[in-house]
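Shown below, as structure tokens, is a lone chain in the form predicted on its own; questions about how it binds or moves come after it.
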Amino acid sequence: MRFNLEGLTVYFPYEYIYPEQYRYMLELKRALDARGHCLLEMPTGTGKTITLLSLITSYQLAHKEVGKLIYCTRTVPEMEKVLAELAELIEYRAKYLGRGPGFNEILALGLSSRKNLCIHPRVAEEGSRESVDAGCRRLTASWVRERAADRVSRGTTEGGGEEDGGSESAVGDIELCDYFEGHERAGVEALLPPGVYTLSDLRDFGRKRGWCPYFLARHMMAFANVVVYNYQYMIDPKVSQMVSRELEKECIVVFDEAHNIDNVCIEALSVNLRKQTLEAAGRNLGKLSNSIRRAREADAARLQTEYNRLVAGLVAQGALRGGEDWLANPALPADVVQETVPGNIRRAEHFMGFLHRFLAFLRDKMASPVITSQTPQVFLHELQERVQVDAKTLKFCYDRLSSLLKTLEITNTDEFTPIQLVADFATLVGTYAKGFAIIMEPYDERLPQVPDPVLQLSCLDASLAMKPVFSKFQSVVITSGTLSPIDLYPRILNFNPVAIQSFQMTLTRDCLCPVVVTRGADQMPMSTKFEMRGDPGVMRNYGRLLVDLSAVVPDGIVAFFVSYRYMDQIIAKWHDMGILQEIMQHKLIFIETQDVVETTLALDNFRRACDSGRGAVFLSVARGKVAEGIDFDRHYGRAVVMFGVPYQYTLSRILRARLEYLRETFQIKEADYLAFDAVRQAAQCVGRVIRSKADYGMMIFADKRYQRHDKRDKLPQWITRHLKEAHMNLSTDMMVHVAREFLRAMAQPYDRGAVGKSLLSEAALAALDAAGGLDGAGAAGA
């Protein structure tokens, strides 16, 4: 449909629109008009992605001054889904706008790592992302190509010049990548025609034209109207300074599924060093020292040139040349030092000595048998006292190492990851005095007898990583299905949104049935509180709840536990009590493990069991991969059980340091933050069961603590709205009765074309627009 929204023509590729989609567009448009940031919570299964894409692309069409849409997702499947919906929208829009040059055509592309875009037969087969990056650099680094060009010009190609039709050109013993060379030869002519390109489309186009898809996508970002990529490309300074630096202020940035955005920000600026990392970094330094000695003997001028350049203050080597671009500085753009490198680390040998001293200090710290927590200032004071290394020198550590690795023409970068981690650590410690803690743990508190020392530079302030994004771009949209309590996000991320809204779901029938189960059939309270967690009675009641559910709920049931450890413990007890055997009489059981391949296989078999009518139970963990990214729509999830309240491990030193920082800096109470974090994870888990309005499912909160207002009120409104007073304090047998009634009602024929309350047609929208919007018309569900 095409309709008018406060003067903006919106192209929406469906015949009908939900009232909440219309309201969402309205709120989003007002935020864009105000050139500010917004925070919007939209229930799952209400078409959030297509709503965002329709409104923003229509806005771009009407306002030529607006820049690109940068759509940030968490995973590659989410990115592909966004691009597929966008392709459908553009196809629909062409009916009205026409096709071909001059018809407002759009270029949209997905950008991912080399591992997901490389088409070189040998390099693409490498296992990890780091080894694909290193393989790519071996074939595309500027010095490798210069050496090959030099040989060609001197006519010394041994071994037959270029291989025909392969993906490698060989100049003697020097290998090059044909796809990269093809892209370089095409130069400014290497362009993508308008269209929507997923990662597989980019790979296919690259093979057809003989161009490298990764460098083509990076090049085409400047010309694209819509770019879809991972959060890290925007938030992590190491990546964003390479990829997103050139984006204009007028861009609209969207963070989808952003309920955990504060954790992503913290991870981007945190560094963990283990004993093995320091040992490997020591070996790296040995290799680098040997390379410096060889370079000194063979080509001393190269090291002298680098020294002269550093004296002149040129820390970075300027524009990206060839394929040897390193990760950028780990500090935020505004905090990167724009000064000459200190004299004591300009010479390569002196820099090696500096790193040896710093590494020896870190080893000493790690040898400590007690847990310590320090601020960066205390750490730096100790460092200065013991090994005479000052903060200013540390700030340059990462840039100086990058410069040295380029000067020594090192391409196998994956081998040097440990020393790069140490340089990350040094740069961040030297740059930030506030918002960080340095925590040394000689062992995991849960396994005190196993020595496993880890030195953690932990970022405590999520707003640090978001600050450059909020200040650089005029509109940033943070959206998800579970942002409640929504008013805490502006405080944690330290920004002022112009729009902050939580939307309801309009339904023609009550297809959600949230219930709180507080006790077993024996009236014994149920909870995963620490003092009750190991109680055999609680474990038996949780088991009985699952047995009774599997007898009355058809097809798939998903159960979430608070941790892997608790899940292992309770499954072992259930096995001893014979509960697993009872469940197996009704349904098969599949379990999420920490191994990705095993979990994928378990999910596949779970779906097959549901499809065949046998039915299955999937046992999973809150905060795990399944809770974050897998949908159990339709018959795969007719009931979801949340066993307990998924609090973080509250004795964690890092969590305690962060809670203290939040209390002192943002006046957020510890209990408030912990409850907020636990309940948003629980909402994320139970939200997996509803993925459209035609779907239905039960949401079972199995813990007496969900009865309390401080927990319940933090759940999203679209869930609490369906939580009846009578369903807030149920025993297992009462819950089974509610489940029977609910599932019987849901099994009745459903009129999917119920237009009116839950769907608006183009004509209805035109009438609404004339009446002054939904509120003016007093529409149902307002």
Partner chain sequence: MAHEQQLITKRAWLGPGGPEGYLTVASSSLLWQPAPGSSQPGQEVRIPLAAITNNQRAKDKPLVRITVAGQQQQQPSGPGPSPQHHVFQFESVADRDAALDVLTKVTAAMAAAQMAAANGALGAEAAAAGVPGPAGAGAGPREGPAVAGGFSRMQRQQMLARDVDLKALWEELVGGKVLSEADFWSGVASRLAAAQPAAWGTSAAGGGGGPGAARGPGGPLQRRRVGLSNILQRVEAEVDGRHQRVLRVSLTPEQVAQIFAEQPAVLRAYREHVPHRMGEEDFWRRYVRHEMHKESKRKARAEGLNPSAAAASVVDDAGGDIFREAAAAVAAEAAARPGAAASHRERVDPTLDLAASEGERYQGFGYAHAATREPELDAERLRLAAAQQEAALGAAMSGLGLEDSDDLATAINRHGEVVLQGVEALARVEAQLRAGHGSGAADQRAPSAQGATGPGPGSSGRDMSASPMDEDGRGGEDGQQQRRGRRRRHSAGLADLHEPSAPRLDSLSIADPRRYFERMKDAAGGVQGGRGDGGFGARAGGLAGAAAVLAAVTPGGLPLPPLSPAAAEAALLEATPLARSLAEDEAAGVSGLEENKRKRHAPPQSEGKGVGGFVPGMSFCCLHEC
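Bear in mind that the values here come from a model prediction, so they are computed numbers and not experimental data. What we label the rigid core is the largest C-alpha set whose atoms superpose within 1.5 Å from one form to the other. Positions refer to the first chain, counted from 1.
Just so you know, the form predicted in complex with the partner chain exists too; it's not on screen, but the next bit is about it.
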item: Segment that reaches the partner chain in the predicted bound form - one of 290 to 298, 516 to 524, 457 to 465, 483 to 491, heavy atoms within 4.5 Å; value: 457 to 465
item: Option touching the partner chain, based on a heavy atom within 4.5 Å in the predicted bound form, out of Leu303, Ile266, Ala148, Val552; value: Ile266
item: Sole residue of Leu401, Ala609, Ile345, Ile90 within 4.5 Å of the partner chain in the predicted bound form, by heavy atom; value: Ala609
item: Partner contact for Tyr18 in the predicted bound form: the partner chain, 4.5 angstroms, heavy atom; value: yes
item: Non-hydrogen atom contact Tyr24 with the partner chain in the predicted bound form at 4.5 angstroms; value: no
item: Exercise: Phe530 in contact with the partner chain in the predicted bound form, heavy atom 4.5 Å; value: no
item: Interface membership of Lys669, the partner chain in the predicted bound form, 4.5 Å heavy atom rule; value: no
item: All of Ala222, Val227 and Val254 within 4.5 Å of the partner chain in the predicted bound form, heavy atom check; value: no
item: Stretch 573 to 606: residues contacting the partner chain in the predicted bound form, 4.5 Å heavy atom cut-off; value: Lys573, His575, Asp576, Leu580, Gln581, Met584, Gln585, His586, Lys587, Leu588, Ile589, Phe590, Ile591, Thr593, Gln594, Val596, Val597, Glu598, Thr599, Thr600, Leu601, Ala602, Leu603, Asp604, Asn605
item: Leu601: Cα shift of 2 Å or greater between this form and the one not shown (core-aligned); value: yes
item: CA of Ser403, rigid core aligned, shift of 2 Å or more between this form and the one not shown; value: no
item: Core-aligned C-alpha movement of Arg565 between this form and the one not shown, 2 Å or more; value: yes
